[in-house]
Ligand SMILES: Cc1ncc(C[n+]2csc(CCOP(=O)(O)OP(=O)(O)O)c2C)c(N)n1
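Given next, in structure tokens, is a single chain: the form predicted alone.
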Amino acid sequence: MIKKAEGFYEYFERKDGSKTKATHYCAGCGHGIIHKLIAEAVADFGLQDDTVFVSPVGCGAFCYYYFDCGNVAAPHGRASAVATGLSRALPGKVVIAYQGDGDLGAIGFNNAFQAANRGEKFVCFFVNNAIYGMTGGQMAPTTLPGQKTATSPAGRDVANDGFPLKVCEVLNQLEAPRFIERVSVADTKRILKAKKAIRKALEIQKEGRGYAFVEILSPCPTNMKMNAVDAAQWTIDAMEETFPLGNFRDRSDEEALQPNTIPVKPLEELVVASSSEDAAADDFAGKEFKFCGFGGQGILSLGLVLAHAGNDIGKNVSWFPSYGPEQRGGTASCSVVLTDKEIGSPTVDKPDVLVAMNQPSLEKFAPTVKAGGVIIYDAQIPVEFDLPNNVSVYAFPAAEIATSKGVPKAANTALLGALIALDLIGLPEDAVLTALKDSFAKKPKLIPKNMEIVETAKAWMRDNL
């Protein structure tokens, strides 16, 4: 009897709005068979409304056009990472990560390996056709020894390229996975065994028992440069020699590992009491800061002081650093957000306040400051371009003040004093100074000198503005 496969949409949409009943896969490709086995199992188990399917990058990138369930598209190699987030955010739901051999075996291997090691509650269906299918048939991590591809025209040389990655065998070394099996869809007998393994893996998810992994050997006639029949036979004859079929582990009867449970207080009990009346004001105007300069100038430390001060008095804060690989001398910057509201993103693209300690950073970030914002830069920086005319600009002798106090490296502290004097931080001064002192907890002898530099910087601003 021929019947319509369940678990799919009735029609498959395309980006241009058209609808079809045909998939985008090549004739003889195994993806369509695998899709059918997964979709029917989800439908038969009554899980369509409780399933989230994570589509990868690769030939399976358009799974969300086919599966009639929840769908999320993942970046290249990150389906296992996205599935981890979904399974934790949606406990009790069935989460499926669908990945190819390049997507999982190459760029995404660490994501998949670590998810398996943690025993995340999702199933990963890993489609292995020994080649990069979507992007021209390059050699993949699973390409067989001697196999010719677009990037190994003489065949894979194990002395140069290494041996094929056997993912089931690698994951089988881990403690947490509940189910690991390798199957094939190269002929009817193998398809029936694949159906059984897929349904078993989904049953484990339905019962919330932990991580399941099913590797599926699949023909790719187009990139194998064979017709559909020969590609299926090559999958049996050649691939199974390197990737033997079979069950590596079935602990489906064991209970899943459970994380330690920590009592969570109601949200209203988590409000941090303010240390001053000013900080408790409901009309606190949030501020976004960008601190920038060379590595080693204390740029990141300066941002941390503000972030800690805000946190200490109950504000929502974020501190987001950006720096090169150099320990000293490379560019460095950090974004700081202080607000009473929820912070949607820690990145600051248009700061209210820019503090620059070198010329490249000043030139890079000055044009990004909001209209009506403020730029403070070290006065020793040569300004060889037009600064924005819709912001307030202060050339402040931070390095000169720090050097005059015998601590040349404390120019960042001098800039903190300037921010306080200009009342640009929006936090009580005592909170900021407490955070500064705390930053020197391991070097308490430096606290008095840095407090002196702050006062000197404030005095300079009063005398020169």
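Because the structure is predicted, anything quoted here is derived from the model rather than measured. When you see a residue number, it is the position in the sequence shown, counting from 1.
There is another form of this protein, the form predicted together with the named molecule, and it is not shown here; the text below is about that form.
In summary, the region of this chain contacting the named molecule in the predicted complex, judged by heavy atoms within 4.5 Å and restricted to 389-397, 290-298, 133-141, 181-189, corresponds to 133-141. Taken together, the three residues G58, G100 and I107 all lie with some non-hydrogen atom within 4.5 angstroms of the named molecule in the predicted complex. Listed residues K196, K225, K364, H76 were compared with the named molecule in the predicted complex; H76 is the one with a heavy atom within 4.5 Å. The shortest heavy atom separation between N129 and the named molecule in the predicted complex is within 4.5 Å.
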